[in-house]
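So this first bit is one chain, no partners, the form predicted alone, shown in structure tokens.
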Amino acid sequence: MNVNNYIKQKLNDGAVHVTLIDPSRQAPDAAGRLAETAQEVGSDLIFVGGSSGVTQRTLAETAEAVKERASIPVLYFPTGSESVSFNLDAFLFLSLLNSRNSQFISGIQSKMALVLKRLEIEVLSVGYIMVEPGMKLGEIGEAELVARDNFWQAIGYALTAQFMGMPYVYLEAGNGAAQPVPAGMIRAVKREVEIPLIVGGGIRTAIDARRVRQAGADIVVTGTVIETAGYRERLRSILSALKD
């Protein structure tokens, strides 16, 4: 399966939803059940990753469990840990554009590039932009966070991603953020870029999802919503808000 073509086809039909599964938040078998539920209620993609301190064994077992239970594409979402997964459908090649540390912009990526080429793994290049509050992801990535009212800075980074030839740009408020990226910022960025806009962090309700989508997000990522009881119905309501 060519994941990039799959995403393009899905975007032709409207918003794309991604379920982010963090290997550190549950056992691998539970992660597999979450992936199956996400697919059943209409999620289009699954990201596996998203936190530091994940062991290689936990990551590998989680990736295997998710792949066993889901037929939609499963992508590796790089984390701040040394663990890495090359056995999923594609690899998100994230460049944290507003990091103070060049390792997160291109250094870490350069160490994996040849392996990805040799293994013939599909790579999706993404310009990754951390917006306040950033949470643990921002801390790990040593991000110079974009202030929630600094739309011009967000636009500048987003256009940088586009001009560098990256096919996607990602505004991230951080896993567990109290609020999503501001709708005004999403709207401002979407007006200026021509590549698909991914938005994640702090999207917990159908209202959040609808607001983010209406502001211009092409791809919406939710994570923590699946980590508590009753997640099936909450996820279903989010999907309904995005797809209707």
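Worth saying up front: this structure is predicted, and the values here are computed from it rather than measured. Don't overthink the numbering: it's just position in the shown sequence, from 1.
Keep in mind that the form predicted together with SN-glycerol-1-phosphate (1GP) is not shown, yet the notes after this line are about it.
Undergrad: Residue-level question: is V221 within 4.5 Å of SN-glycerol-1-phosphate (1GP) in the predicted complex, judged on heavy atoms?
TA: Close contact exists here: in the predicted complex, V221 approaches SN-glycerol-1-phosphate (1GP) to within 4.5 Å, heavy atoms only.
Undergrad: Is G202 close to SN-glycerol-1-phosphate (1GP) in the predicted complex, meaning a heavy atom pair under 4.5 Å apart or at it?
TA: It does: once SN-glycerol-1-phosphate (1GP) is placed as it appears in the predicted complex, G202 has a heavy atom within 4.5 Å of it.
Undergrad: Does A177 make contact with SN-glycerol-1-phosphate (1GP) in the predicted complex, using a 4.5 Å heavy atom cut-off?
TA: The answer is yes: A177 has a heavy atom within 4.5 Å of SN-glycerol-1-phosphate (1GP).
Undergrad: Answer with yes or no whether L20 is in contact with SN-glycerol-1-phosphate (1GP) in the predicted complex, where contact means some heavy atom within 4.5 Å.
TA: Close contact exists here: in the predicted complex, L20 approaches SN-glycerol-1-phosphate (1GP) to within 4.5 Å, heavy atoms only.
Undergrad: Hey, of 31-39, 66-74, 202-210, 188-196, which bit sits against SN-glycerol-1-phosphate (1GP) in the predicted complex at 4.5 Å between non-hydrogen atoms?
TA: Only one stretch qualifies here: 202-210.
Undergrad: Identify which of A161, L88, L137, L94 has a heavy atom within 4.5 Å of SN-glycerol-1-phosphate (1GP) in the predicted complex; exactly one of them does.
TA: For this set of options, the contacting one is L137.
Undergrad: Just to make sure I understand: among 103-136, which residues lie within 4.5 Å of SN-glycerol-1-phosphate (1GP) in the predicted complex, judging by heavy atoms?
TA: Stretch hits: zero.
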